[in-house]
Each structure stands twice: as C-alpha cells, then as structure tokens.
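As a starting point, one isolated chain is supplied in structure tokens, in the form predicted alone.
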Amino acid sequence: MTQAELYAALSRQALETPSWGYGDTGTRFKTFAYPGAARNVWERVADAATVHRLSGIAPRVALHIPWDRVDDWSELRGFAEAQGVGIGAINPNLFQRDAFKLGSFGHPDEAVRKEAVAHVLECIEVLEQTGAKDLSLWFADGLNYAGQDDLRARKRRFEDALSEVYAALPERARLLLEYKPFEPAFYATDVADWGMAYAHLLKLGERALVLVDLGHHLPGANVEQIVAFLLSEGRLGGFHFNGRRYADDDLIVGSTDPFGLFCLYAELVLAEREGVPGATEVSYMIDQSHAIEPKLEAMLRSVLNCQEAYAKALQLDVGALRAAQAAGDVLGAHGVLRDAFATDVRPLLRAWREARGLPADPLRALREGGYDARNARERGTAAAGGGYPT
C-alpha cells in the first residue's frame, strides 16, 4: 500500500470505548477506588472524549443502562457531540436485578421474562433518542445444576423474547448478540457459544448479528477462525476487545496475546480488501473494567494496541500470502504473516498522528497533560470502590 492508502485506512479505523471502563468498576472481589475516576455518565463521556482527542480513533462511547440513565437523552447526546464523540452501542443490564436470579429471557416465570423484554424495549428507545446504531445483548442466563430447568424450554423462551425485541428495532439499527461459555452459570449457559448465537439470529433477520468478545471463549478456541466463519456468513456484527489469559479477565487488549490480536485483524483486513460483504460494517468496541490500572491510561493503551495491530495487518502482502497458500507452501504463507507482524509500525503511526494534528505519543501526552491530577483534584476519590453501578 502507498503512504496515502495507509493513512486513509488508519483514518477510517474507529473504536468505541465503554462508559463503564472509566469509573470505579471491575473485579468480582474488591473494587479499588481510583482518584478522579468518573462518578456519573457525564464524566464518563468526558473521559471517553479525552481518549478520542488523544488517539483520533475512538469517536464513540458505549452506554450501559441503567448505569448511564439520565432524564433527558437528547441533552446527553448534545453533550457528547459537544465533547467531540457520539453515542455507541446501547447495552441493557439483564443480570443485576434480583428478579433475574434464575434468568431473564430464559426465566421460567413469564412475568420475569416480560420485565426483561420491557427493559430491552426501553433501551431501544434510548437507542433512537441518542442516535445509536447497535443494541448489544449479553445474558447471564443459565443453570448451575442438572435438572434445574428444562433446557429446550429455555431455548424456546429465548427465541420468543429475541423475536419480540428484534421486531421493535428501528430499520437503521442492528441487534448484536454476545455469548459466553460460563460464568455466572456453570452447568449450562443459555447462549454459550457463537454457534448458539448464530442459530438464534438466523431466525430473526439480516440485522441480527453475532458479537465476539475476546474473553468469552474456552482455552484453545481459535477466535480468528470464528471471525472468518462469521465474516463469510455475513453475520459478524462486532467485537468486545479485551485481553484474556484464563477466561473473562478484562485485561488490556493485546497485553497477553499480541500475535493473536494481529491475526484477528489480518482476517478482517483480508476480508475488507477482497470485498467480503459486511466486512466494513463491523463495530469495534472495547469492553474492559480496570481494577488496578489508571482508568484513562488503560483505556488509551487498549485503543492504541488495537491501532498498532491494525497497522501491522495493513502491511500484509496479500498477493504473496495467497500465492504461498495456493502452492501449499506452509511456512512460506506463515512467514508472510510473521513478516507483517514483525513490522515496526510506530514511525508510521507517529507520522500519521502528526499529519492529523494529534500527539505523536498519546500516552506521554496523557501523562504530561495532567488529566489524572486534574480529575483527582476536581472529582476526589470515592470512599470505597462501588463495583458496578446499580
């Protein structure tokens, strides 16, 4: 690719950061209060805008309802736009109410299922008022013990509830369905893998797509192959980027397996270059709750790791790769990938940033800009970490 083509591709990259990653959230054991952590949605949006101003590639902030609920959604939308960002995916909370102890869409009690669907319909109203495009669904529904409930009946309940929600979506919007093999359910999870999500979505319509969370796979799962399969089916809706060593670790993306992140981006770049339908419509979202890291710096580090992985994937010699694959040259084809991964793209990214009037080193600019010190001074420190908001 020419420099102009590389710059154009880098300028098209866009990631959403999550509102919940900027506050005192994260970890199932203890939430540590961080000086200056965002206390409400207004501060969370402002922090997301700071990450975008420094990186140039994080133009949207995802919301979680009811954690981010406000009285006037048009006011929040206007505030975000004034800060230089838009509203990203809307995420319902279907795991924190007492009524959902035995599930939400899969609950055996019809009244509870109606409560869950009503909450998602409320989130669709939020989506319409904020101008968001994606409704992002994750379910904690499942069973801890064999015989606890009827597995086939739970599947039917999910199908009915998803159909009702999908029918309520505006035409411009998409439904993204996430999956997870375990936690908090340990015997069976109602949407346990990408195949279950895919099967549900086939019954809904073309705007129902799979969301791939990098932390939601069993050890040894080939996430790149899952991504390639869904791309070929036109059913890859988006990502929740994070890092994992064991399970849903919520670590900074690219911190544990940078080559795997690169290989994932390589599949996406190949699909875009070869004109795979839907490849340019994929949503890229960070999903992390930082337990011991500085909130803004951790989020910015994740965004920049994704940018670096994408820039390396853009170095792929597609012609050489396809020729080696066609010839059955196993190590030759692998070597094309290794060469792209080994490329030092930092000078390219510095030059791209300088050409756009961005800090050449965003992390250094964050530290030297005094953002954390100012936030700590103006916001203070929570008396105790509060965990996820309720």
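The first residue of the shown sequence is 1; numbering continues from there. Treat the numbers as computed from the prediction; the structure is a model and nothing was measured.
The same protein has a further form, the form predicted in complex with a further copy of the same chain, not shown here; the description that follows concerns it.
Out of the listed residues G278, G205, G195, G86, G195 is the one that sits within 4.5 Å of a further copy of the same chain in the predicted bound form by at least one heavy atom. When a further copy of the same chain is considered in the predicted bound form, only one residue from A49, V41, L321, L348 comes within 4.5 Å through any heavy atom, namely L321. Annotation: in the predicted bound form, residues F79, D134 and R353 none come within 4.5 Å of a further copy of the same chain through any heavy atom.
Only one listed stretch (70 to 78, 187 to 195, 160 to 168, 121 to 129) carries heavy atoms within 4.5 Å of a further copy of the same chain in the predicted bound form, and that stretch is 187 to 195. Not displayed here, a further copy of the same chain is approached by A298 to within 4.5 Å at the level of heavy atoms in the predicted bound form. Put simply, R172 is far from a further copy of the same chain in the predicted bound form: not one heavy atom of it is within 4.5 Å. Looking at A111, you'd find every heavy atom of it more than 4.5 angstroms from a further copy of the same chain in the predicted bound form.
The closest non-hydrogen atom of P359 lies beyond 4.5 Å of a further copy of the same chain in the predicted bound form. Shown without its partner, the chain has S289, A291, I292, E293, P294, E297, A298, R301, N305, E308 in segment 289 to 318 as residues with a non-hydrogen atom within 4.5 angstroms of a further copy of the same chain in the predicted bound form.
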